[in-house]
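Just one chain follows, in the form predicted on its own, and it is written as structure tokens.
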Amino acid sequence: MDWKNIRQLLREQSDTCARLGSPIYSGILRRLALDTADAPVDEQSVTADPVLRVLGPHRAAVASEMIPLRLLAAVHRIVLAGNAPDLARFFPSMGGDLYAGGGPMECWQAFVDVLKHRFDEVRAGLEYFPQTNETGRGAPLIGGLLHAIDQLGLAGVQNPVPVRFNEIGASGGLNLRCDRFRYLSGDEDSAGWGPTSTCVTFTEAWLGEQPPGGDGSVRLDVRSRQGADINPVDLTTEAGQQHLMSFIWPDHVLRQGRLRCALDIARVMPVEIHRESAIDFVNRLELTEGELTVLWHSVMWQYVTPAEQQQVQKRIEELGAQATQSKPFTHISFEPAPHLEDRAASQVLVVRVWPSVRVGNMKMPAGVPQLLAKGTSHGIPVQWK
């Protein structure tokens, strides 16, 4: 048996967790990788070892399958449900603490015990791909939208600007409400965009230059909000809320707090999420007179097949060709860019607008991709270019 693939994925995700501030997950993943280093070759020995038994079917996994994160979320879901008290004492998401709970070695043993004693639940949980529905990604999405509004000159015509939100890979649809979050360029006393009364606030959301209108001078009139996902999360249920929480790393308490606040917003602002593919959704999308049609997505493109990606891009071009000054259209993406040297900030914000716009004394053709910013997979901070 060759464990090289999965071992490499575990090591890489361990490094990523370390860079993004999760010592608990970084340590667990490093131990998982070590356990596969001297893995036996016979099936009987593999079956007797909890770690190898769980990882065995995924030995040949590739990065896009996200097996390390799927495994961690499956275990975290069990912890959140109150079914792994020994591991819960290490997880801040359950009021625990890594070192007060006994330290990394005891945490590791408690993790292995979950794999051993709740194997069927872990195996079932591995079926779910990551669905963080990360609220921090609202910062690049709103920043990109403000940039599109500025280029199209819409705020000079009508402010608040009439817009329609459309999202593919929407999960539970939290970022279809991201205009209800507040984004600050610095600390809590700095200028920002979004309602001051919200409990979802991001300090230092935009680093470098602030997006145009990011001081709150540009306002939105959101006329509709709709999304699509092949496996949408029902935010009205405790199971759905717990599902989203399981994908947030247990030592990221600020992210957990923002998610809880965003769920409170979602309870009073229902949004329809269609259970369908990205291509089916965009094929139904039409532009409307007097409104800016927005199509956006964040950290989901890697889960779309190359064939479907081509179909979605084709439909985006068709919508762009239909755009006019009174029926503008923008496509906003915040997706991985593996070529970036900065591995901690590997997502890039790209915005396209239709019809053609004038920037200064130059006319920019419609639909030109504009790379505006980069950020982490969790969205913030966004380094504006």
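We number the residues from 1 along the sequence you see. This structure is a prediction, so every number in the text was calculated from the model and none was measured.
Heads up, the form predicted together with a small molecule isn't pictured, but that's what we're talking about next.
Peer 1: Can you pick out, from 169, 192, 96, 213, the residue that has a heavy atom within 4.5 Å of the small molecule in the predicted bound form?
Peer 2: Flagged contact: 169.
Peer 1: By the heavy atom within 4.5 Å rule, which residue out of 108, 128, 119, 303 makes contact with the small molecule in the predicted bound form?
Peer 2: When the small molecule is considered in the predicted bound form, the option within 4.5 Å is 303.
Peer 1: Contact between residue 278 and the small molecule in the predicted bound form at 4.5 Å, heavy atoms?
Peer 2: Yes, residue 278 is a contact residue.
Peer 1: Residue 137: heavy atom within 4.5 Å of the small molecule in the predicted bound form?
Peer 2: The answer is yes: residue 137 has a heavy atom within 4.5 Å of the small molecule.
Peer 1: Can any non-hydrogen atom of residue 230 be found within 4.5 angstroms of the small molecule in the predicted bound form?
Peer 2: Yes - in the predicted bound form, heavy atoms of residue 230 and the small molecule come within 4.5 Å of each other.
Peer 1: Residue 246 versus the small molecule, in the predicted bound form: is there a non-hydrogen atom within 4.5 Å?
Peer 2: Taking the distances in the predicted bound form, the answer for residue 246 is no, it never comes within 4.5 Å of the small molecule.
Peer 1: Only one of 161-169, 97-105, 259-267, 217-225 gets a heavy atom within 4.5 Å of the small molecule in the predicted bound form; which is it?
Peer 2: Contact criterion met by 161-169 only.
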